[in-house]
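Starting off, we have a lone chain in the form predicted alone, written out as structure tokens.
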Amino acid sequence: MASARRIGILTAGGDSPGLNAAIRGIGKAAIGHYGMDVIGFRDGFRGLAEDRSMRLNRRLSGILTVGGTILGTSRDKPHRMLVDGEVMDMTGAVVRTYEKHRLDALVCLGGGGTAKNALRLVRAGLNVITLPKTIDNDVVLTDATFGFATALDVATDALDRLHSTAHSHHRIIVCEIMGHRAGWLTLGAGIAGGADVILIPEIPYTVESIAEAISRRVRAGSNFSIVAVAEGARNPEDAQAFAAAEARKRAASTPEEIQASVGVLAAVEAAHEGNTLRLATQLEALTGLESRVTILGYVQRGGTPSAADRLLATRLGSAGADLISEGVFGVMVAARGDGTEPVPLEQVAGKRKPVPPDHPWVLAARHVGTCLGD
């Protein structure tokens, strides 16, 4: 669509380093190279449904290095949005806003959930593309997501700093790293930060296996250990319960089944809360070493994006403007080597990229003697 003249941009889901770099990348390419107008919508799909917008043509300078998103974000879904205490389908309102602003395309910056919502809008007749964003790096069919590299640097730096106190006080330091359903961040940071134990959702662990690995280190003369644990790491029994709850949610079709499955999954996740603290207590009892817990939390998602994320976000944003100019819609702009590739949203929505058990990172961790808890 060489005649495209006006595009909209929104950021959805959790914030992530590189969002402003991506907004800048697609905005500057669309404005400077293709002569388009660019409109931003505040607070994700909610701002689109409520028609809360801002012209971006003059607001892109100086945001490359800024964390967060100048547009704001939310986890609202167009088809299930809370309005005045009632859950409503706001897809029609989204379409009306799109038409009111005479948009030729909408760009949604987000992860897997955003891809699902974007696909719904494509099926409602809108021209939509997405850019893959998440610190979890779990979006399928893209080499990388922007936000991951920065979070990896932050988590690795934290593990580096924890080594000194663990060594000085002869302690087990258990560091919780973000990642409910995918372990890329914990695995990468654990390897780069020299963690002695790495626990990820894809590999169920036993406390006994971890304690034995730590005890072997003690017998070999090392009186401290660093344990990097993902939020979603579980023992085999809990992992089985979580998998069953997720499978039930995927299979639900009626409103009653969906509501019941959501409740079951919420109960399973609630039972998992505080797991890192319990793990530290169990390891202290089994090894006789004092244990301390550090939970990194949102510090991993904040702050200035790394050079790698700025570069990736700019590449993906610029490529997105190219696709809009060419009339290519209904796709995610995937990173592929040093280039990019449009991937149909049907192949992305509702899918997740877990860490394969035979991934080179996993094999490398095992080869250098890192315990993975199994």
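Not measured: the values here are computed from a predicted model. Throughout, we count residues from 1 along the sequence that is shown.
There is another form of the same protein, the form predicted in complex with ligand F6P; it is not shown, and what comes next is about it.
With the partner omitted from this view, the residue of Asp153, Asp76, Asp136, Asp196 that lies near ligand F6P in the predicted complex is Asp136 [heavy atom within 4.5 Å]. The contact residue chosen from Arg217, His101, Arg171, Arg301 relative to ligand F6P in the predicted complex is Arg301, the criterion being a non-hydrogen atom within 4.5 angstroms.
Annotated contact segment (heavy atom within 4.5 Å of ligand F6P in the predicted complex): 173-181, selected among 173-181, 282-290, 141-149, 87-95. Of the heavy atoms in Glu202, none are within 4.5 Å of ligand F6P in the predicted complex. Contacts with ligand F6P in the predicted complex, taken as any heavy atom within 4.5 Å, map to no residue of 328-352.
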